[in-house]
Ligand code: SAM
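One chain comes next, on its own, written as structure tokens: the form predicted on its own.
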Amino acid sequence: MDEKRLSKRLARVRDLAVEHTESPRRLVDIGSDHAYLPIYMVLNQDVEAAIAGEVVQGPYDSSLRAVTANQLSDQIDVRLGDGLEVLKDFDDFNVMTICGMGGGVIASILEKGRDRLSGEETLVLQPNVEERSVRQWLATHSYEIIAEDLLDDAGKRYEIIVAQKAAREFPLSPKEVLAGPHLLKERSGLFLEKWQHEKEHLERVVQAIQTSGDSPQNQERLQMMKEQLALVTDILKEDGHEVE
């Protein structure tokens, strides 16, 4: 993967950003990883300008070199800072991507930088794990999840969540927080495969806890895992059709 050829994961992030954001698009990419996505989107005229944010000096330097090598310094501003702290009051953007981090980290970035969000931007978020943390943050702050995707890239499953600020609350059920409201409705083969695998994993965890003693800590964890297992079982029941 490089700025000329995106991974399947980032290519889908790009597609969803373009599909759900009106032109002209101005991108903010937080945790930009060599600025692959901003460079690709500028080169392909998907966006007219971009900000690439990095929190660590090494990746910042790599992104700066890549932008300079592609002669895009006038269209892509590479900035060093923690999360949304890279944004300035005069920045004008309408799509933000945060990809390749844990869901808890993404939710923390959004929470810490909440005052930097105008509510007019489309959020395209790709957590590697803990997707529920992202969905819970969005629901808590009145963002509507307008699209989701689940894909396999090089043997790993990734979820992508697209959201926009809404004028009213969009509460999610526990199943929707865990598995995604759109993914639950679509129920792809990959979706069912993912949650069947998770069900089997949780069954092994429950069995292991049950044989490891009855300390208060174990009992508390056992109860939590049983609740999680019940939720996953409910997602999978009736031949892959959600029960109302």
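Everything numeric here is computed off the predicted structure, so don't read it as measured data. A residue's number is simply how far along the shown sequence it sits, counting from 1.
The form predicted together with S-adenosylmethionine (SAM) is left out here; the points below concern that form.
> Pick from 105 to 113, 163 to 171, 130 to 138, 70 to 78: which stretch has non-hydrogen atoms within 4.5 Å of S-adenosylmethionine (SAM) in the predicted complex?
Replying inline: Correct option: 105 to 113.
>> Contact check in the predicted complex: E48, V95 and E121 versus S-adenosylmethionine (SAM), with a cutoff of 4.5 Å between any heavy atoms. Do all three pass?
In response: No, the candidate spot makes no contact with S-adenosylmethionine (SAM).
> Can you pick the one in M101, L117, L150, I146 that has a heavy atom within 4.5 Å of S-adenosylmethionine (SAM) in the predicted complex?
Replying inline: Looking at M101, L117, L150, I146 one by one, just M101 meets the 4.5 Å heavy-atom criterion.
>> Considering non-hydrogen atoms and a 4.5 Å limit, does S-adenosylmethionine (SAM) approach V55 in the predicted complex?
In response: Looking in the predicted complex, residue contacts with S-adenosylmethionine (SAM) include V55, since a heavy atom lies within 4.5 Å.
> Quick one: does A17 come within 4.5 Å of S-adenosylmethionine (SAM) in the predicted complex, counting heavy atoms only?
Replying inline: Output for A17 is no: heavy atoms all beyond 4.5 Å of S-adenosylmethionine (SAM).
>> Under a 4.5 Å heavy atom criterion, is P59 part of the interface with S-adenosylmethionine (SAM) in the predicted complex?
In response: Result yes; P59 sits at the interface with S-adenosylmethionine (SAM) in the predicted complex.
>> Quick check on P181: any heavy atom within 4.5 Å of S-adenosylmethionine (SAM) in the predicted complex?
In response: P181 lies outside the contact set for S-adenosylmethionine (SAM).
> Looking at S-adenosylmethionine (SAM) in the predicted complex, which residues in 63 to 87 have at least one heavy atom within 4.5 Å of it?
Replying inline: If the 4.5 Å heavy-atom criterion is applied to S-adenosylmethionine (SAM) in the predicted complex, 63 to 87 yields G81, D82, G83.
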